[in-house]
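Starting off, we have a lone chain in the form predicted on its own, written out as structure tokens.
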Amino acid sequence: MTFEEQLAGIFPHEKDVPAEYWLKELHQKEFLINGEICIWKGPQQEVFSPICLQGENGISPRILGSYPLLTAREALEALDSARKAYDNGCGEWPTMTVEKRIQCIESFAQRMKTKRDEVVNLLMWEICKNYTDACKEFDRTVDYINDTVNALKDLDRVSSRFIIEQGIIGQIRRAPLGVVLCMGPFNYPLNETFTTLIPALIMGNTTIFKPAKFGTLLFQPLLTAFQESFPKGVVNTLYGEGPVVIPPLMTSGQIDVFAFIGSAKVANLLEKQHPKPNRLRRVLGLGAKNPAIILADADMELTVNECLLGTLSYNGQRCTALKILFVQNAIIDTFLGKYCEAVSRLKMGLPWETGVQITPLPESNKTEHMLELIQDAVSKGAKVINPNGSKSNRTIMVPAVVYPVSETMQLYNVEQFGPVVPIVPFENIETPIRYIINSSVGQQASIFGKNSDMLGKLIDPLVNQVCRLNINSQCQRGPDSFPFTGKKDSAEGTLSISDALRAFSIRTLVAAKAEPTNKEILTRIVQERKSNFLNTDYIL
């Protein structure tokens, strides 16, 4: 069988889908507002899988179900629910003790774990994350929740004492900010949504969260867990078209924190709609074009393996992916040969198949967009140098290694967010350094080499351009205890477990002059537990 025949037959008949991974159509009517699971009777958005199935009428995308197309009215109802639950900081949730909020979060995590199989299967069918990675995303999210709980305990323990400075007694704790709007991305729809939603909740904010355009149905199994774990109005879900349901929230001026992971273009558009920009706190994860610099003395086997993972894990659809490789001329031929050989060994197929690494692309017309970028590069002197590179069948595409890429090509600057790997040869180290300096984004970079003198010289200028410099390893987010952010147009605010707690809260204190009357008042408040904020409890 030729490669073309294999590619043509990559999509199965329905009868060939393993029974344990088959997904019944899920036509979701439910959404959560003010502690009630409401039933929507209006129009629905159909959800099609990137996975196509063969049938009597040929090959077509499989319909997975549908979700509610809510309107501006429901968006404002969700906002009203969150505002009432916050109640200007007087609501049950923002005034609750840290220990009780932790109990609610832990209760949610336990309920969430019972839905693992459903969510993992939806991750495979909705966004074509392979089974292993879908399991990792779910499990990592549960671990993130538990680690967030432990980080808050540590933070609260430090705060559970009085400080006396210059005759002033004070207790400093972190207080919530208000209503948080959370919007996550399609490539990590569960994990990255929860990396803003969970810290926002645990710090006492009330929330509205809108699932990504792809990876929407996977939240349906969790709606009851949200309802049963939190007071009413603390969590509100918003489904529908972004341009319809988000502007009413922003123009109201009543969103206090905008947590968004996606494109800078969309973030900028939404931010401008808020009438009180000085009031709005932003936690943004935006674009990246992370480069790798491969020096002549790099360990070839390690470098190829790390670059393979960095460029093509989940088809390159990660903000932390290596999206352009700079390779020193002395080793360019050796690297290209070994890298292309490694790319050719990647298994293409469907998410549940063992060992599959290249899967269908969720975004409509994504393969066409990738081919346009490749065609632009080819028209300006580059070639697709790996066997079968860029061949496609509907939503699935063979990764394309494009070489040599120059600054005249779109691939040099555009964040391709897909299975296309641009490679730039260089002689002088100033070439990749100049690229990083001139780039409008600055999340991460990787350097591969052994010479400590050279690496040391590169570290100092590059850490002023990007927020994480990886030595002999791919770019990545983890571990979650490390800060995750970006410079320039890549991010605003920092997300790690401890940083996220700070991003969704603000230091607040109660202070009094150290006079006998005040000391007696403070002692009585603490001993008689008259305040949830002012206390010396130590959470174990």
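Bear in mind that the values here come from a model prediction, so they are computed numbers and not experimental data. Start at 1 and count along the sequence shown; that's the residue number.
Not pictured, yet referred to below: the form predicted together with a small molecule.
Chemist: The small molecule isn't shown here, but in the model of the complex which of Leu201, Ala78, Cys319, Val327 has a heavy atom within 4.5 Å of it?
Modeler: Filtering the options by heavy-atom distance leaves Cys319.
Chemist: Just one of Asn187, Thr303, Gln171, Ser390 has a heavy atom within 4.5 Å of the small molecule in the model of the complex. Which one?
Modeler: By the 4.5 Å heavy-atom cutoff, the listed residue in contact is Asn187.
Chemist: 175-183, 380-388, 188-196, 144-152: which one contacts the small molecule in the model of the complex at 4.5 Å, heavy atom to heavy atom?
Modeler: Going through the listed ranges, the match is 188-196.
Chemist: Could you tell me if Arg140 has a non-hydrogen atom within 4.5 Å of the small molecule in the model of the complex?
Modeler: Contact check for Arg140: yes, within 4.5 Å of the small molecule in the model of the complex.
Chemist: In the model of the complex, does Phe484 come within 4.5 Å of the small molecule, counting heavy atoms only?
Modeler: Phe484: yes, in contact with the small molecule in the model of the complex.
Chemist: Is it the case that Gln44, even though its partner is missing from this view, gets within 4.5 Å of the small molecule in the model of the complex, heavy atoms only?
Modeler: Gln44: no, not in contact with the small molecule in the model of the complex.
Chemist: Does Gln476 make contact with the small molecule in the model of the complex, using a 4.5 Å heavy atom cut-off?
Modeler: Yes.
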